[in-house]
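In the structure tokens that follow, the same protein chain appears in two forms, which are kept apart as structure 1 and structure 2.
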Structure 1
């Protein structure tokens, strides 16, 4: 591969890892709440979490653009208060991939937490363990395979994100150029050979991630 192709590949992998790490704490917290607690409005939260899976990615990107743009509520506050600009930077790429992969992490981790026998947690609490200790020593270790599978699925989803990314980050070579954006750009230029090379890399990364995730899911069910 050319140096430019390597740069795009490494940037895409870095974005996928970064976005997955960003959504891991809130994703696990929300998955645990959905699996173990009932509260008013829970169905609304479940629906909101699932929305990025069913609405067009460009629609999600447009929402992010309106929220995090210079005139958006969040974007204006970030720029005026912290001096941070999000839209059309690498931060926008991480944001878009995080939002699009968040539902996969939550849904998979939720199932993993639901498969943990509540009686085991109850026994630990009767022996004097607090909620945090029960979670870290009982719940999370027992749900580990499912949680890892969810994280890897989120990583795989981030690798292939296109629609939301192009809306909120645009295509800026060397700054926001991911594998999917680069493939589309090369096809538009008629450079199909280079596009196929990046396609092969993208498929290989996604195949490895999904294969590993499926192995973890089988362990979680076993």
Structure 2
């Protein structure tokens, strides 16, 4: 592999890991709320969460661009208060992949949380653990297979995301270039052979994630 390809691979892996880590806290919190609490508007929130899946990625990308762009609501605020520019930087890549993989994490983790027996959580509380500790020591470990599966799905999606990324981050070689963008680009140029090479790299990354998740699961069980 050329040094360029290495650099793209690292960047992609880094983006996928970062975006997965970023969505874990809010994703798990939301999944838990959906699984364990009843509140008005739950169905609406569920639909909203699924949105990035439902609408075509370009549209998601456009919405993100409008929000985070220089004229955008959040973008302007970020630039004025923190001096941070998001669009067309690596931050936009992370943002796009995070938004696109969020629904996958939430849905899968929710199923896992729903399957944890509340009686066991109750007993943990009589043993002196507050709700927060119960979540960390009981709910999360018991739901781990689902949470890990959700994280792997999110990671995989982050590796493959293209439509929204290219809209908010552009395809700037060496700056916002991910494997997925490169593959698209190479396919466009008819350089299928090189595209195939990068595809293999993507698949290897995905395989690594699956393998790692299986190991984590096995360790947790043993």
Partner chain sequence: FAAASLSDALKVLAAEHQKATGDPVHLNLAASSLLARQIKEGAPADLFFSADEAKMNDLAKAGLIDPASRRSLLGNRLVIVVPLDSSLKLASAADLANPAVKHLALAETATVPAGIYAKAYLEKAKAWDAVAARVVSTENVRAALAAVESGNADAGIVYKTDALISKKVKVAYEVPAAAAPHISYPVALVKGGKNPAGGAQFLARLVSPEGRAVFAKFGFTPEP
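Take the two forms, find the largest set of C-alpha atoms that superpose within 1.5 Å, and that set is the rigid core. Residue numbers count along the first chain shown, from 1. Given the structure is predicted, the values throughout are model-derived calculations rather than measurements.
Next on the checklist: Between the two structures, is it 1 or 2 that corresponds to the form predicted on its own?
Outcome noted: Structure 1 is the matching one, since it is the form predicted on its own.
Checklist entry - After a core superposition, would you say residue 205 shifts its C-alpha by at least 2 Å between the two structures? => result Yes, residue 205 moves 2 Å or more.
Next on the checklist: So that I can tell if residue 124 moves, could you say whether its C-alpha shifts by at least 2 Å between the two structures after the core superposition?
Outcome noted: Shift at residue 124: 2 Å or more after core fit.
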